[in-house]
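Form predicted on its own, single chain, as structure tokens, below.
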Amino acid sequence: MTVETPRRAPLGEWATRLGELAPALSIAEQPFLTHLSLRVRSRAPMAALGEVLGTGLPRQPCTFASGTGRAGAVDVAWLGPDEYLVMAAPGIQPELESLLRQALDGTASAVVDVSAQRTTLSLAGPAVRDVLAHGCAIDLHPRAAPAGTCVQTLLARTGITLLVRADDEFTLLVRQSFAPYLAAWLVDAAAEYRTERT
């Protein structure tokens, strides 16, 4: 007999505390998103991949691209010279993985479902860059990190992937096991801004 256990968002218990940081900092968890690791060395399948994803793979290091393809809206982050992370809506891993495998057919490449590895946070608000600067060594000034930037770095000694969507809007990916620690750090780091700006 198999017993199904309901899925729990890694930061479900933190929703109220994170919500109290608004309006200086708005944080919302987007759990269970589809995350596929894509490794591709050849340029041959790029047109087919672009058709599936609705966007080309980022060619510039430390950037990401967004599009709407055959599986819906996606973000594709450059993680290394031949490594990308494809992010999409929850629950479409099998469909998107199958489409990517068809596009990559016959090439030296790999697609791996890593959706269970990380959870996703959306951060926005006038204090977002200041709060992140408390624990991140990357220069997050808009001139150094404009919209479209994607970096893998440490935030409060926790490995993260950070996507800059706009001047005051970020997406942060963190391993699920480190998510509660990072949430606690964000609540603490944002406390002074909540007091000053509300």
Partner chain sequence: MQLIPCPWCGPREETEFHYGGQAHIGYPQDPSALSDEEWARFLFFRANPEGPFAERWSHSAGCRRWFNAVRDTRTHDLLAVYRIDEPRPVIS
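Residue numbers count along the first chain shown, from 1. All values derive from a computational prediction rather than experimental measurement.
Note that the form predicted in complex with its partner chain isn't included here; everything after this is about it.
**Q** Give a yes or no for Gly148: in the model of the complex, does one of its heavy atoms lie within 4.5 Å of a heavy atom belonging to its partner chain?
**A** Heavy-atom contact with its partner chain at 4.5 Å: absent for Gly148.
**Q** Counting only non-hydrogen atoms and a 4.5 angstroms cut-off, does Leu79 reach its partner chain in the model of the complex?
**A** Contact check for Leu79: yes, within 4.5 Å of its partner chain in the model of the complex.
**Q** So in the model of the complex, does any heavy atom of His134 sit within 4.5 Å of its partner chain?
**A** Contact with its partner chain, no.
**Q** Give a yes or no for Arg41: in the model of the complex, does one of its heavy atoms lie within 4.5 Å of a heavy atom belonging to its partner chain?
**A** Arg41: no, not in contact with its partner chain in the model of the complex.
**Q** Since exactly one of Leu154, Ala166, Ala28, Met46 fits, which has a heavy atom within 4.5 Å of its partner chain in the model of the complex?
**A** Contact with its partner chain in the model of the complex is made by Leu154 alone.
**Q** Heavy atom within 4.5 Å of its partner chain in the model of the complex: which of Ile138, Leu36, Val52, Leu57?
**A** None of the other options qualify; the answer is Ile138.
**Q** Just to confirm the contact call: exactly one of 58 to 66, 126 to 134, 140 to 148, 28 to 36 touches its partner chain in the model of the complex at a 4.5 Å heavy atom cutoff, so which is it?
**A** Contact-bearing stretch, as computed: 58 to 66.
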